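Form predicted on its own, single chain, as structure tokens, below.
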Amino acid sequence: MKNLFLSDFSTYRIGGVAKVAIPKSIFELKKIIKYAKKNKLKTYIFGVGSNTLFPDDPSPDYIFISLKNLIKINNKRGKLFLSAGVPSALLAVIGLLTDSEELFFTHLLPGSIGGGIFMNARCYNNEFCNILDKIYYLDENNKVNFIEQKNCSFAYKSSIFQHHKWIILGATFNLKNRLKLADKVKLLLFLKSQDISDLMNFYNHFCIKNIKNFFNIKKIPEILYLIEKDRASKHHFDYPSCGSVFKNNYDFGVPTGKIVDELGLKGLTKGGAKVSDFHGNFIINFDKATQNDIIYLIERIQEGIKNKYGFVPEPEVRIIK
């Protein structure tokens, strides 16, 4: 455990100095949790900080625990097991190696497996719950347990893990074909020493060109090119951000980004933060933004939508104060 800048662990690149722990194993994680309980410290568990807005002046009562170094790829009883720190975007690469097109929706999806399960990450007409088998977690008693996908109360960007003090350790996934041992070794080499909390670095590493070259893949399915083109058109990786700030209101029936556009709020700035010119549901850090800069814009958007349409959009980003 060290005093480190949380900004180095966040795709927003926002966050002050705090006590940070980065366990490399479940054994180390259990020791940290035990230490926190003994010293009456609060814990915040995260992966690579892709959906988190950290405070500029973190409370000394917190230990921030990143699971980004929990990287394991194994075949477990005929299923593929990925630990919590594995980048979500690696699923699309695994899809290429195992001819599992149901994983392609995760291409260039920021974040980690743990966070993707926690939020039931969704994009391109698919979501995590559709590819999961079992989820392994650390329960309130610091014991390893598991739960089957069907019992996880998965819904739109929601899961049972949001309502319990459980720490997701990893999961088994349903695949058409078994991952070869040689491919597993290549995948681990592909992930070595990569800072995927930096969105530009993440894009450069997980873009089709680099995947194709690293794994010597001759043919890439068209759907992956379409996904990459769509994300590039939104300038998703040009500046630090958390991606979509708000959940969509499906009862209203119009995506939040489109509503923001209709309200003329794209381009609105506060300090170093800005509502993206290219996507109304993105708030970017274009010049050393603070947490308060981002929160101000979130509240302005919520106020504008409530005044015109009568509802307050629910933030998807987790705001830690």
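A residue's number is simply how far along the shown sequence it sits, counting from 1. Bear in mind that the values here come from a model prediction, so they are computed numbers and not experimental data.
Below: the form predicted in complex with a small molecule, not depicted.
In summary, the region of this chain contacting the small molecule in the predicted complex, judged by heavy atoms within 4.5 Å and restricted to 255-263, 284-292, 270-278, 41-49, corresponds to 41-49. In terms of contact with the small molecule in the predicted complex, the residue from 175, 168, 90, 224 that brings a heavy atom within 4.5 Å is 168. Checking 96, 152, 119, 211 for any heavy atom within 4.5 Å of the small molecule in the predicted complex turns up a single hit: 119. Residue 232 falls outside the set of residues with a heavy atom inside 4.5 Å of the small molecule in the predicted complex. Shown alone here, residue 123 lies within 4.5 Å of the small molecule in the predicted complex, counting heavy atoms only. Remark: residue 316 counts among the residues lining the small molecule in the predicted complex, judged by a heavy atom distance of 4.5 Å or less.
Although the partner is absent here, residue 134 is not a contact residue: none of its heavy atoms lies within 4.5 angstroms of the small molecule in the predicted complex.
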